[in-house]
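Quick heads-up: it's one chain on its own, the form predicted alone, in structure tokens.
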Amino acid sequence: MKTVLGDEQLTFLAELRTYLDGLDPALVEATRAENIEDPMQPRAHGRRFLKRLGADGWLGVAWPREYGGQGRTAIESWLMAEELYNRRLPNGLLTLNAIGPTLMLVGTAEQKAEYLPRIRAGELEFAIGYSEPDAGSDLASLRTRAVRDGDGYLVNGQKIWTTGASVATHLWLAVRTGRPEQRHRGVSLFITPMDAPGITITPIITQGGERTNAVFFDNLRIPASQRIGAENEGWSGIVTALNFERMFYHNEPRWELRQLTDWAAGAGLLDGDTAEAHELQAVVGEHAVDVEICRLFALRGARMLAEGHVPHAEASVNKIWWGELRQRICDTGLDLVGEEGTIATGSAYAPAHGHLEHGLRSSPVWRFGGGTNEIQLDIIATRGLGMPR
């Protein structure tokens, strides 16, 4: 069988799997159960799991050795995240792969010394404070304001869709320090602990039952030493972090296809020489091919990052394909299940453990989370195809 991975990468993957297979089974099972319930928010077991990986030197595999990493490429980092995704285990993705590398590029020496060792040890979890009620896709119009006050800043305003804020240790916060008409040239970037006085977090429960949050700031004080980059020049840090986020994965569609095929096989729908069985085999086969396409899209993005390029349009293609594929797989599954498919996840009577039902309810979020599909299509048209804005 041909593979798009080299010998060194396959060796890394084998070593990683051996390491993961040797972890404490009780810790792994508790972490997996917690992660299946809500993969967006590592909690008690997820934290313990990530700290175990950090203590054993398996966090930050693509980080430079000077920062405690293994000095590998973005491909090995992608492989590790994929393996953890496949086992339904957390990977510390955003904090490790976006915040940490951005701090390496734009943080001060003091900020690097304060945060990087603790991120690589799995001690810190960042939430992202970008979107506001009137500033999501148009982030440069954000209105949460920071005003200089002595050796710090006072912050007032609101963020929304701040997933993970309720369990994160820190917030990566974009605020306005310049005039509104300055747009992105009047934005600054800060780090603040989530338990700082002046922060209030309220839950927003999505249609799929996942928790995201609104975060309010009432005279939140942030020392000037926690500003990332110069005042009014935070936009470059935001763009840098977003570029590091543009590595995508394929395991959620693979997971949902596994739920579909396991349920269909258990019901005997894939067996026999009937027209119905042949039709279902063909549909499942098409989904399996689409999952592999999703994987190759994702691997292409990782390879571009490893070569020093940013996958703009390529990541947008993957994001749209990933979200729509998940919905198609869940649609197929619930059509097969029939009316019992409406039994919600969490019920002992829910077919396929309710994962397909939950997946379909969650699907609207996939169309706008991380940038709407319309925004992604604009990126494909302008940056991928060179069309005029």
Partner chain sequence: MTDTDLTDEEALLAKTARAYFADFVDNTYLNAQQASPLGYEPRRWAQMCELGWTAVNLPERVGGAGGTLAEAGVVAREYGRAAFASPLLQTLRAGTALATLGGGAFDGTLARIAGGGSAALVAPPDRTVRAEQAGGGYRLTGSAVVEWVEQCDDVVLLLPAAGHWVCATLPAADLRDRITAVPSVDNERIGRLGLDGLRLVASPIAPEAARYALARANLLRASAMVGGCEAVVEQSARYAKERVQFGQAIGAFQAVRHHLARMVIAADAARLACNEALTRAVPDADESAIAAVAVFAAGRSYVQIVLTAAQVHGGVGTTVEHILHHHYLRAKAMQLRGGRRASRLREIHQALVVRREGRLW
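Worth saying up front: this structure is predicted, and the values here are computed from it rather than measured. Positions refer to the first chain, counted from 1.
Another form exists, predicted in complex with its partner chain; not displayed. Remarks below refer to it.
Residues 10, 324 and 387 are flagged as a possible site; in the model of the complex, is every one of them within 4.5 Å of its partner chain by some non-hydrogen atom?
Judged in the model of the complex, 10, 324 and 387 all sit within 4.5 Å of its partner chain.
Residue 284 within 4.5 Å of its partner chain in the model of the complex, heavy atoms:
Residue 284: yes, in contact with its partner chain in the model of the complex.
Please tell me whether any heavy atom belonging to residue 93 falls inside 4.5 Å of a heavy atom of its partner chain, as the geometry stands in the model of the complex.
Judged by the heavy-atom cut-off of 4.5 Å, residue 93 is well away from its partner chain in the model of the complex.
Decide whether residue 245 counts as a contact residue for its partner chain in the model of the complex under a heavy atom distance cut-off of 4.5 Å.
Result no; residue 245 lies far from its partner chain in the model of the complex.
Residue 14 versus its partner chain, in the model of the complex: is there a non-hydrogen atom within 4.5 Å?
No, no contact at 4.5 Å.
264-272, 99-107, 192-200, 68-76: which one contacts its partner chain in the model of the complex at 4.5 Å, heavy atom to heavy atom?
Every other range fails; the passing one is 264-272.
Sole residue of 252, 82, 233, 114 within 4.5 Å of its partner chain in the model of the complex, by heavy atom:
Checking each option against its partner chain in the model of the complex, the one that comes within 4.5 Å is 82.
Identify, from the list 89, 241, 155, 257, the residue with a heavy atom within 4.5 Å of its partner chain in the model of the complex.
Only one listed residue qualifies here, and that residue is 257.
Using a 4.5 Å cut-off on any heavy atom, which residues of 274-292 would contact its partner chain in the model of the complex?
Those in contact are 278, 281, 282, 284, 285, 286, 288, 289, 290, 291, 292.
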